[in-house]
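Below, in C-alpha cells: the form predicted alone, a single chain.
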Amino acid sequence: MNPHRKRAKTVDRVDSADSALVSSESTQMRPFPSKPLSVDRVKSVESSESGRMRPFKDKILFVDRVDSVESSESSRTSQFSDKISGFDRADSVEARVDSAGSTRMSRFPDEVLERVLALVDSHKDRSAVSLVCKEWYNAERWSRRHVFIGNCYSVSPEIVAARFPRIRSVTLKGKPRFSDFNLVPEDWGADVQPWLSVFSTAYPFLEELRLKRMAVTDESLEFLAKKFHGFKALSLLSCDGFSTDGLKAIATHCKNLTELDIQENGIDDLGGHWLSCFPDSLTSLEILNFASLNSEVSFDALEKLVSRCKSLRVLKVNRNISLDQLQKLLSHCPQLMELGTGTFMQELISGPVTEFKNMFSNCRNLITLSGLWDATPLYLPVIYPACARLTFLNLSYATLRSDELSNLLSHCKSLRRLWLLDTVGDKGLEAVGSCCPLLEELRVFPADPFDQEILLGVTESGFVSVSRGCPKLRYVLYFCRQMTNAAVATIAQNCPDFTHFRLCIMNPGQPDYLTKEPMDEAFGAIVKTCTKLQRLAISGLLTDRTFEYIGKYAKNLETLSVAFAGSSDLGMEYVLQGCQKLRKLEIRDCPFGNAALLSGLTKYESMRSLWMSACNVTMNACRVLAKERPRLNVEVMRDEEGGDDSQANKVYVYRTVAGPRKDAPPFVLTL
C-alpha cells in the first residue's frame, strides 16, 4: 500500500469535504431568514390540536431524527427574506387558536408553496417546515430533490423512498469515523447494495450518489451503472470493497457522467485500463479525481477524454502523471478551477525548468491546487503564475522545508485554506502568518505519525505565529508533539472565531511540557473564548476539569472527539449534561464507565451517535441503556473470542427508526 495514502487515511484528511455534501437539482438555493422556525412553536401548534395531529405526528416522527435534516450547514440562514419580500414566515406559519379550540392556518396554493420551498436548502429549515402542518409536510415531501443520511442504519431505504418520492441526489454515510483508525472491522457492514436495490425501483431517475465509509463492491457499481440510465455523478470517499473493475463499469455504462470523484478509498487497484472505457461520445465530464489510485493509466486515453470534455473544471490525477504530461493536459483545459497535479520528481521530467515556466499562465480560473508529489525547489516556480488567484493550496503530499514554503507563499496572497506537512517546521508556519492574512482553514499533518523518535515537526511556537498573522482562522487541525497551556490561550485570544479546533498532541497523556501541568486550561481557554465552536478534538494530559469547562462553556458544540483523557465518570457526565447541541461524541481509551454511559439516557435520542472503545463499560450497562431507550440501537463489537464477556470493549449507540440491523455480522451484538 502506498504510504502516502495510508497516512492520509490515518489522519482523516478528507472529512472536511463534508462541506460540499448538499446540492440541489436545478435551482440556485437560498436559505431561510436568520429567524428560523422554532421547534417550540411547532410543539405549541401540535398541543393546540393534539387530538387531530397526534396520529400525524407519529407518522412523521423520523423526519427530525434521521433523514436529511441533519446538516452542518444550518448557519446559512440569513438571506432568504430578501428574495421573498413581504413574506413573514413566522407570522404566516403561526397558528391562531380561537375560543372553540380550532386552528386557522394561512393558506398558500400548492404551486406557490412548492416554489417557495424550492429556494430552501437548509436541512434544519426544511425539517421545521415539514412539522408545521400536513399541507406543508406534503409540499416539502414532494419538492425535495436531495436527501442526506448521516448514518445508513438510522433509517431504512424503504422509509426514505416512502417519505421522499422525487429524490434525484443521495448522500449516504456508513461506518463510524473511527473506522479510519482501524477500530472498526472491515466486514462490519454498511453495504450500499440494499439501498441501490430499493432506489432502482423508487428512484429510477437518480442522478447523483455520494458515499462515505460505505462497503461498495464491483457488482454494486455495475448495478448502479446499468440500472440508472440518467446517472451523472458518483463520489466515493473512504469506501472499500471495490476495485478498478467497478470503475470500468461506471465509465462504460454511464453515458451522461459529469462527475467521478474517487478519494482515499480502500480500492483494489488492478491497473489503469478503466480510463480507456469512457465512450468517445462522452463530453459531459466536469469533475474527474483519481488522485488516490496508484497504478499507471493510459495517458493517451486520459488526454483524449480531457480534450473533448470542454466543461471540465476539476481534474486531479495520480502521481504517475509527469510534469511533461500535465503540461499537455493543461493545454486542453485552461478553464480548470481545481487541479491536482502528478509528480514533480526530477527524474521523470524530460527538459529544463524553463520549458515549463508558462505552463500555468493560461489557467486564469484556477483557485485550488493539490498534488505536487515529490516537489523540489527547482520545479516549484512552475506554479508561481497561478498562485495569486489560489484560495486553497493542498501541500499534504509535498515534503517541503521552511524556506521552500516561504518562497511559495510569497506568491499566494489570497489563500483561505492551506494544508501542510509538519516538515515545514515552525519557520514555515511563521511564513504562513506573514503571507496569508486571509487564511480561514489550516491543517498540519505529520509526515510520519508512527515514528515517535522524530524530533522535527511543529510546536506551539509555529501555531502562535499563525494565530497572530491569521485573525480570520476558523478551522484548524494541528498535529504536534508538544504544546503549552499559555500558547493555546494566546491562540484563542488571537482567533476567537474558531468553529473547528482539533489539536492532536501525538504522545498520549502529554502534559504542558514547560510546567508539567495538565492541559486543562488550554482547552478551557478555547471553549471560553471561542463561543462559535462546533467541533472540538482534545488531546494531552487532561483531567475532569477540561470536561467541566466544555460542559459549562461550549454551548454550540456539535462534535467532540476524546482520546486518552479524563479522570473519572464525571468528565463524560459534564459534557452530556452541559452541551445541549451535541450530536456526535467519540471516545476512546478513557476511564469512563457505566455511570458515565447511563448519564446520557435522556440525551442520546437527540444525538446522531456515541462511540466508546477501550473504556470501562460493561455489557450490563449496555443492556440497561437498550432497555430504557428502545429507539436506540446499542451495538457491542467483540474483538476476539475468549475475551471477558462481561466487558463491552467497543460500543456504538445511534438513534434509528429502522430497528435493529438485519445484516449484523457475528461479532456485532445488537442489544
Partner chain sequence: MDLINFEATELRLGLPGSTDEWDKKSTASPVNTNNKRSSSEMGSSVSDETGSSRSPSLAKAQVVGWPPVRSYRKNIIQGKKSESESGSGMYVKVSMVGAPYLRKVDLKVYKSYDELLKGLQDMFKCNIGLYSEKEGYKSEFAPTYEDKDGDWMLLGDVPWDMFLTSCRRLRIMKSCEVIES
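Because the structure is predicted, anything quoted here is derived from the model rather than measured. Numbering follows the first chain given and starts at 1.
Missing here is the form predicted in complex with the partner chain; even so, the following discussion is about that form.
With the partner chain omitted here, the record of contacts in the predicted bound form names 313-321 of 163-171, 252-260, 313-321, 548-556, defined by a heavy atom within 4.5 Å. Residues Gln577, Ala596 and Glu635 are none of them found to lie within 4.5 Å of the partner chain in the predicted bound form, as judged by heavy atom distances. When the partner chain is considered in the predicted bound form, Asp569 lies well away from it, no heavy atom lying within 4.5 Å. Proximity of Pro446 to the partner chain in the predicted bound form: non-hydrogen atoms within 4.5 Å are present.
Mapping the unseen interface onto this chain, Tyr203 falls outside it, with no heavy atom inside 4.5 Å of the partner chain in the predicted bound form.
A residue is said to contact a partner when one of its heavy atoms sits within 4.5 Å of a partner heavy atom; Phe148 fails this definition for the partner chain in the predicted bound form, lying far away. Contact with the partner chain in the predicted bound form, defined as a heavy atom within 4.5 Å, holds for exactly one of Tyr153, Tyr478, Tyr397, Phe498, namely Tyr397. Exactly one listed residue, out of Arg474, Lys232, Arg588, Arg141, brings a non-hydrogen atom to within 4.5 Å of the partner chain in the predicted bound form: Arg588. With contact defined as any non-hydrogen atom lying within 4.5 angstroms of the partner chain in the predicted bound form, the contacting residues in 283-307 are Ala291, Ser292, Asn294, Ser295, Glu296, given in sequence order.
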